[in-house]
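Before any questions on how it binds or moves, here is one chain, the form predicted alone, in C-alpha cells.
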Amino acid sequence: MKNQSLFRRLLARPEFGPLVLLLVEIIVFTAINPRFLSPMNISNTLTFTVELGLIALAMTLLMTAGEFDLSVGSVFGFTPVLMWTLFNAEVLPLEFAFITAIFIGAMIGLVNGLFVTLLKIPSFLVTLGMLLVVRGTALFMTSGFPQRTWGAKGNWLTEFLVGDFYIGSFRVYASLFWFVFAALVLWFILNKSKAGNWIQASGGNANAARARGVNVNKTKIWLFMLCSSMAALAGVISSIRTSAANPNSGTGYELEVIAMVVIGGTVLTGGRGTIIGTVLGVLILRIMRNGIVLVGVPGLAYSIFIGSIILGMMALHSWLERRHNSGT
C-alpha cells in the first residue's frame, strides 16, 4: 500500500509526464541513430538549449503569476544589437554596453508590467504591441543588417558569459553553468520563499491574494522585468556564441518558450508552476529539434512535432489532474 501510494503521488506530479516523454525521446532517437548520444551531439544540443532555457525559466514564474510575455523574442534580438552598436561605435566599453543592454531590457519589462497592472490591459495585447515596437526598433537601428562582434574577441566578459572548455570530446560552454545557476535560484524562489507564495497566489486568485496582503501589482511588475532581463541576457549570450547580433534573432522564440513552459506542467491560467518541469520541457523540445534532423526527418516538420507534443501533454496533464482530484 505504501509503494502504491508513493506511485500515485509520483503520477500526480506535473513533472511526471514530461520526464517520461523525455526518456522516450532519448530511447527512440538513440535506437534509430546511435550517434544521437555522441559527446559532440549532446554538447551541441545543450549549447542551443541554454539560450531559450534562460527565458523559459523566467517565463515560468510570470505564467505562474497568471501573465505571459510575447515580447521576449524581440528583446532577445534587440538587446545584443543595442550592446554591439554602442560598443562598435565606441560610445561605451563592452562592459558598460552590456550593463546598458540588460538595463534597457529590464525597462521594457517595466513598461509591460505597468501597462498590465495599472492600465488593466491584458498581457497578450501589451506584449504583442511591445514585440512590434522592439523588433521595429532593432531593424531601424541596423537597417536590417547584423552587427559585428568579433572586435571583442578575448574580452573577459565574453569569456565569462560564453567561455568554453573540453572534457575529452565534450565541449562545455560557461553559459550552461549560468542556466543551471538560474534554474536553482528560481526553483528556490518559487518553492521555498515568501516571494514564491506571492507569485502562486497572484496567479491562483489575485483578489484573495490582495486580501491577504500580497502586493499583486508589484509582484507582476518585477516578474515582467525579470522575464525581459533574462531574454536580454540570452540574446547577448547568443550573439557572442554566433559572433553576430542579428535584429531578426529570436523571431518566434516567444511561442516556443511558452510551449516549453506549458509542456513542463506550468498551468497556462496561473497559480501553479514548476521549474523542474520547465527544464524538462526545454530539453524535450531542443532534443526533438536535434533528433528529428539527426534521424532524417526534414527540419521544417519541427512545428508539427511541437504542436503534437503540446496537445498530447495538455491531454496528459488534464487526465492526471482529474485522477488526482478524484483520488484514484
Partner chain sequence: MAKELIRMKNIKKYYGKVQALNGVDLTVNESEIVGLLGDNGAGKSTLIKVLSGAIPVTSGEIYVRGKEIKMNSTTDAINAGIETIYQDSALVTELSIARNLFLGREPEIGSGLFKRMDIEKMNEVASELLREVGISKNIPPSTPIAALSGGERQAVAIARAMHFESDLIILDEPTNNLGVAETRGVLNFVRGARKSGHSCIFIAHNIHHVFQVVDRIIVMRRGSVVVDDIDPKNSTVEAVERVITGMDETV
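Quick caveat: nothing in here was measured; it's all calculated off a predicted structure. Positions refer to the first chain, counted from 1.
Not on display, but discussed next: the form predicted together with the partner chain.
With the partner omitted here, the residue from Phe115, Trp222, Trp178, Trp198 that has a non-hydrogen atom within 4.5 angstroms of the partner chain in the predicted complex is Trp198. Of the candidates Val214, Leu226, Ile258, Leu94, Val214 is the one whose heavy atoms come within 4.5 Å of the partner chain in the predicted complex; the others do not. Contact with the partner chain in the predicted complex, judged as any non-hydrogen atom within 4.5 angstroms, is confined among 162 to 170, 134 to 142, 198 to 206, 80 to 88 to 198 to 206. Within this chain, Thr251 is remote from the site of the partner chain in the predicted complex, having no heavy atom within 4.5 Å. Proximity of Lys218 to the partner chain in the predicted complex falls outside the 4.5 Å heavy atom cutoff. Contact check for Gly291: every heavy atom lies farther than 4.5 Å from the partner chain in the predicted complex. In the predicted complex, no heavy atom of Gly277 sits within 4.5 Å of the partner chain.
Along 238 to 270, a non-hydrogen atom within 4.5 Å of the partner chain in the predicted complex is carried only by Gly270.
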